[in-house]
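The chain below stands alone, shown as structure tokens; this is the form predicted alone.
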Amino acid sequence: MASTTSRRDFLKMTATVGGGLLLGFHWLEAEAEASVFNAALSGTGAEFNSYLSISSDNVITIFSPNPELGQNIMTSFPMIVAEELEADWTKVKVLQAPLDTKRFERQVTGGSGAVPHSWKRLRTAGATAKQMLVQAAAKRWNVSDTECKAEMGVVTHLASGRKLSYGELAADAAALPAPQDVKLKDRKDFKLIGKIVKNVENHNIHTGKPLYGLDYSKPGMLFAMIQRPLAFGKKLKSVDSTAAKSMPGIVDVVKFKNNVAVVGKSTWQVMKARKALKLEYEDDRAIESSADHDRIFSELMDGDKATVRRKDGDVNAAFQSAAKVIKAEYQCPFLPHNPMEPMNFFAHVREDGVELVGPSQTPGSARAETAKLLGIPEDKITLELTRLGGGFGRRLMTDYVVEAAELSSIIKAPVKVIWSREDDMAGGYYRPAVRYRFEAALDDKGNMIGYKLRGVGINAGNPTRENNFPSGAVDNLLIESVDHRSPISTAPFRAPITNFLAFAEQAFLDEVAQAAGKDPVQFRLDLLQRAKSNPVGAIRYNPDRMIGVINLAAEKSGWGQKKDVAQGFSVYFSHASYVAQVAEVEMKNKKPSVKKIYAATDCGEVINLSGARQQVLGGIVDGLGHAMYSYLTFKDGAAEQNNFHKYRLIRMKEVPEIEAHFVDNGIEPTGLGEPSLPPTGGAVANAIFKATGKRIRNQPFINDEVFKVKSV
């Protein structure tokens, strides 16, 4: 199962994308129809279960409960149901379900866990409805249901050839008791799963239909922008809103907590009025700058307050007896999430209940926090999900939802709170900054007999993954962590922790392989064989699956056989999936340039080949862009990069050719939204070393001396 894209193809794919990568071809194939902002779960026909209903006019409606932010879940979930239902995909209509914890479980987008969690539930929902339709047909014909077959939305009596559509059977079938045990299809009989099926919302995205939270509007709705402290650790001291209140369209200026909200009749009016506020702040907590963080990193790295996360064997003895010791430090900066759609949410707090509408990765938490704030039961709050214009972990947080609800309760009116890009970058939540120190001990044969890792993070919690590779493959191992609590707010970032840790670990393993005089790929394979045959302590990864993607990536890339490019390797396990990558770098004007990246992914059963491909490509582009170009620094508690004129993102011309391959092993699906991101930085850094002879240990790479050579 292979897939390739050139840079030109990628430009076509991304030219009009609002919430994720989309293929630039296959536009004319049949698709299910998506409905815009339709949250109704009733009135669509006979309901069989929480996931589907069938109307008498033969329209099958499948509800997608999880938030859609470009990960293709609104297509993949219905595909799984439709596969077992034996539905005609061209007659399927997909609706975004609202938050409903009684009908659905885990209405969350995060952790790459949606499909693994719902795989069997969705299949069972479709298979159950199919069995009920077959039973209804058999009952009408007075035959055994074993004599009937369901296919393409029609039940056929095999002996006589009689046929009834699902629509004709819907009412009778829905009245039957649901069978307790249903047989699921053998994967060899799949018609949809594993095939290329385009996103059900492609047409609406490309034609500008109102899909996103920013599109949502309601009669009588007001708009608001909130001025938050300009620096972390600051407290609002005084407000002069006289000028702002006198400006056209402004309804009110409200101070609440540490914020000032400007409320008006349009976004533009409140944006202008907010600039007219005269605010004074004072220090409330410690004020930190990036220079402080460098000092804190050094102190904690050498301190004695680390938490031991894992210890195997006698580490001190291993290092004392080592023939060679390799030591290196790696560092990553803070990063803002920067979803294309800035934070926004609509709230209407009434006496009889609360209405919430907007983009959230954790709608259940948003509702719970709103209920807690207002002191009302959760069942008095409705939450309708819109499509998310990106999230990457930022919309796991509920702050922007709760502040909209709080403001509505104060002004007693429906209001949509909108953040600017500057609001999001200067006062949002960030990927933690982390520094790692690695040490490896080699014996006289080049075998790694000792391994140490200390991770120091700023609001990172535990910045290690102590049970991931190479844990379990080294006799003597010590992994520690230290966390500095800072007023700067942080949050999970796409592939939390592993988005940088993987680069550091995989780049360091290449350093160790070089010191041992071994090929980097073979060095990892040898360690995995050790973990497989005689593991040391607990391991969370499957050595065989990791070996599988390593061999596939090496084969497809022609590892070690090319003379015109420098190749770098990386492999990582995260979110229960395995991705190996080979990056190819060539020198242009004395500077390294990424030419191509090969990716081999084992995520179990691939639901939608086009959606899976987009996830892999998107993760690689994300990982490459962050590793190469992006960073956020602070001065006196304030972010120094507050918009894209100061914050560097990857550009389209910098996206290399990407070739994606999938392991076809038929096991139950595992995560895919995040696992392709972590290995990218390591593969590219290792390829740059091959090309230049210089190690890059800090992100972003663009600040390294290898990129500061004057071009010819």
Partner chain sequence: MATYKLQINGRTYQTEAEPDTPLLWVLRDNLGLVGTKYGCGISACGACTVHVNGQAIRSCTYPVAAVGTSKVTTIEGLSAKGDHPVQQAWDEVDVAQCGYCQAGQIMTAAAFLKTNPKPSAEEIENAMHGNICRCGAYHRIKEAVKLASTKI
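Residue numbers count along the first chain shown, from 1. Not measured: the values here are computed from a predicted model.
The protein also exists as the form predicted together with its partner chain; that form is not presented, and the subsequent description refers to it.
A heavy atom within 4.5 Å of its partner chain in the model of the complex is found for one listed residue only; from 543, 98, 618, 233, this is 618. None of 558, 210, 461, 303 but one reaches within 4.5 angstroms of its partner chain in the model of the complex through a heavy atom, and that residue is 210. The stretch from 450-458, 569-577, 199-207, 145-153 that comes within 4.5 Å of its partner chain in the model of the complex, counting heavy atoms only, is 199-207. In the model of the complex, residue 52 stays away from its partner chain, with no heavy atom inside 4.5 Å. Interface residue remark: residue 403 is not counted as part of the site for its partner chain in the model of the complex, having no heavy atom within 4.5 Å. Put simply, residue 241 is far from its partner chain in the model of the complex: not one heavy atom of it is within 4.5 Å.
Of the heavy atoms in residue 652, some are within 4.5 Å of its partner chain in the model of the complex.
Here the marked residues 313, 472 and 530 all miss its partner chain in the model of the complex; none has a heavy atom within 4.5 angstroms. In sequence order, 419, 420, 421, 422 are the residues of 414-431 having a heavy atom within 4.5 Å of its partner chain in the model of the complex; the partner itself is omitted from this view.
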